[in-house]
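Single chain ahead, written as structure tokens, the form predicted on its own.
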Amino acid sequence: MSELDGLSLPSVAVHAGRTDLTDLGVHAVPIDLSTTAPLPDVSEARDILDGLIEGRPLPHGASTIYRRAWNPTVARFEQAVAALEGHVPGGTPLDVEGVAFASGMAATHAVILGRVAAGFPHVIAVRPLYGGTDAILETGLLGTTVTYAEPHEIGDHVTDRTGLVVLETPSNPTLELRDIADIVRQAGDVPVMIDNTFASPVLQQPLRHGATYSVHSATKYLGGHGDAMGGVVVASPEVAQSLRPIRTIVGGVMDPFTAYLMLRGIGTLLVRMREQQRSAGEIARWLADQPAVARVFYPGLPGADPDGLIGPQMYGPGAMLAFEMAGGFGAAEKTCRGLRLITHAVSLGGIDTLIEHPASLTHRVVTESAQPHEALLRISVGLEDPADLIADLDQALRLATS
């Protein structure tokens, strides 16, 4: 039984990965920067390495052999994410483990590569996806063939060579919600990978609904401050064990200081998301009333959740939104240029508000027919006062349409 069992999600977020610190006589998480470790005798070291090669996790205090295979600070971050993803309100936590990587794309790469290596090169994907994920599938860089399908068509495209179903919910950049349980049902025995970056584990836990992999660009909400890059996959112990050897061989490992920053970010994740989500709702409703705006994409708006997934699947609509300018690309470009408080930059999930033009930036590598609308702008809402953000958007929209 874990010390976290029975705690509410806010308490889990604060204490996950830290429960042994009192016994160690420290209060802050220790950062182990060693690239190598003193070894016990040769036979014991060989047995430890065999376990690492097989992907088994190590207990704290064990010899880590070499950082590319295992690091105790990174392991703490993995435990914290797994505790959030496996949390079941009022119930027994799921038995899940985290595997951390150097970036979100390194995490996605490992999942896809593992399925291809197992002899299943066919992937079914639901668009829209993050541009990097879309590109790695469509280019066939990892030996994949891909079928892009609508959410209700998944079952029609499964073959004996299908190894993975890939989707995001909410989707990037237009925030569509996908029914994870229905996708899993259609996929049958085929593993389902959910990019959970936009929601974070405090708003959505895909494994509770049958997904095999929950993948995050930890650079975003988990870190939360735009100063650390990483990725993480949460899966069952058996699946996590299959990913660790890929990480070790390919080398896409998270560094210890990044893991420390990520773990620090997780402690405030829930309170950050609550405030950012509240502000995003205010901004989305304001944008929906602006004549310069043709359309707003936000799961919390009326009609944006036709399947009723907010509540049963996702605990809230999140802090990401997008909108199309009525004046087309020119108006979108002028809006970005006219903002003073909101920063024009890619990425998301930090404490400050960011805006970007997906067709030119995050989704530039996507095939032209699948690129977002040229007038679409995406906003990651931060922790500023929403009144200040609305005032900044108001003056920028006025400039763009004058």
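This is a predicted model, so every value here is computed, not measured. Numbering starts at 1 and follows the sequence shown.
Beyond the structure shown, there is the form predicted in complex with a small molecule, which is absent from this document and is the topic of what follows.
Query raised in the report: Does the small molecule get within 4.5 angstroms of any non-hydrogen atom of Met105 in the predicted bound form?
Result: Result yes; Met105 sits at the interface with the small molecule in the predicted bound form.
Query - Touches the small molecule in the predicted bound form: Phe77 (any heavy atom, 4.5 Å) - result: No, no contact at 4.5 Å.
Requested in this report: Using a 4.5 Å heavy atom cut-off, state whether Tyr130 contacts the small molecule in the predicted bound form.
Outcome: Within the cut-off, so yes.
Query raised in the report: If you check in the predicted bound form, is Arg272 within 4.5 Å of the small molecule, heavy atoms only?
Result: Arg272: no contact with the small molecule in the predicted bound form.
Requested in this report: Decide if the three candidate residues Asp195, Ser217 and Lys220 all line the small molecule in the predicted bound form, where lining means a heavy atom within 4.5 Å.
Outcome: Every residue of the candidate spot has a heavy atom within 4.5 Å of the small molecule in the predicted bound form.
Query - Residue stretch of 326-334, 167-175, 306-314, 180-188 approaching the small molecule in the predicted bound form, non-hydrogen atom distance within 4.5 Å - result: Checking each option against the 4.5 Å cut-off leaves 167-175.
Query raised in the report: Which of these residues, Ala359, Ile48, Ile342, Leu348, gets a heavy atom within 4.5 Å of the small molecule in the predicted bound form?
Result: Residue within 4.5 Å of the partner: Leu348.
**Report entry** Contact assignment for the small molecule in the predicted bound form, among Pro206, Gly230, Gly318, Gly98, heavy atom within 4.5 Å
**Finding:** For this set of options, the contacting one is Gly230.
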